[in-house]
Ligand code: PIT
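Just one chain follows, in the form predicted on its own, and it is written as structure tokens.
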Amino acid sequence: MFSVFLSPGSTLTFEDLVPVLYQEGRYQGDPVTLGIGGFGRVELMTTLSHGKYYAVKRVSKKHIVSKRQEEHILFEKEILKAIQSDFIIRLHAAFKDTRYIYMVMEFCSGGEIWTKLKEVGRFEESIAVFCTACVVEAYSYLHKKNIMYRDLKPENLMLDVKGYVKLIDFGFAKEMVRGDKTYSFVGTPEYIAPEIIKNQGHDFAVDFWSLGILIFELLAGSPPFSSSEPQRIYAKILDGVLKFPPYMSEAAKSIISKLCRPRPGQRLGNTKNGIKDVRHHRWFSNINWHKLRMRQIDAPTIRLIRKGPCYINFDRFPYDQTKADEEFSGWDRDF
């Protein structure tokens, strides 16, 4: 184990962490895997001393280098290190060895919003409103720090033990000076704003576009522009025709239409009052924003969370015993 970053007040060492094992079922006795992504695995760990749980993201350094993601990973760590918001996942520590980098994150025991959405088909309005309000608070915090998020989708939203929503995965986040534009092509196809597709340069407005897409997906169970071919999705986004299902409320249709305006300068959240306009939209009329920030609202999402072993709200994955190759280029000196 080489260098380590620890959040203030943390005295965690890598040796303190032990895997949590499945207690039953076909993977009984194997370490619990919470998720698998293109970049590695997230495993559930605990400490012998005080029994706290952590989600540990383990990524192959060789894979990072081959995909040229060194900058992204270093930036993600720097962002998470600096962030202190109840609506964004906490990074407790970071470690590395010759094969992997490890990010020791807060464990959100309620699972992914994406999983819950698949279980119930679509969310009732009060749940969608609450989830989206949490995202608005996360955005407000990030945008104040001049950080664009750029990867909103149900897979990147987790539920904590109280049912509050937290943003995870900052692989596409970028620091931006107000008034500047950037030209990189990033995001998940269904959530990409038209100006990214047209390569016209983009800014914070893309986060409001994706918020509109998220609201639609939470209420309908699938996003408004979809296809198995990314090119067809982009064509539909550029056409910009939103087809609302009949059960969607007028307030929901209104906020989605205003967030998903083709012209970034006309989007709700991106005009002169900024994010205040989003908070003041009538779709959020039942949200007390101060109480939300103080975590004093009883989250309606709590009824989506199953009771049982700490990993009950996650899909199960087989244990992977293969080891990544070692990597010695030194890009992770500062990790």
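Throughout, we count residues from 1 along the sequence that is shown. It should be emphasised that the depicted structure is a prediction, and the values quoted were computed from it without experimental measurement.
The next section is about a form of this same protein that is not shown, the form predicted in complex with the named molecule.
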Subject >> Contact stretch among 49-57, 290-298, 275-283, 303-311 - heavy atom within 4.5 Å of the named molecule in the predicted complex >> reply: 49-57
Original post:
According to a 4.5 angstroms non-hydrogen atom cut-off, is residue 170 in contact with the named molecule in the predicted complex?
Top reply: yes
Subject >> residue 195, heavy atom within 4.5 angstroms of the named molecule in the predicted complex >> reply: no
Subject >> Partner contact for residue 203 in the predicted complex: the named molecule, 4.5 angstroms, heavy atom >> reply: no
Original post:
Would residue 42 count as a contact of the named molecule in the predicted complex, using a 4.5 angstroms cut-off between non-hydrogen atoms?
Top reply: yes
Original post:
Ok, 134, 213, 128, 105: which has a heavy atom sitting within 4.5 Å of the named molecule in the predicted complex?
Top reply: 105
**OP:** Note which of 237, 94, 259, 158 lies within 4.5 Å of the named molecule in the predicted complex, where distance is taken over heavy atoms; exactly one does.
**Re:** 158
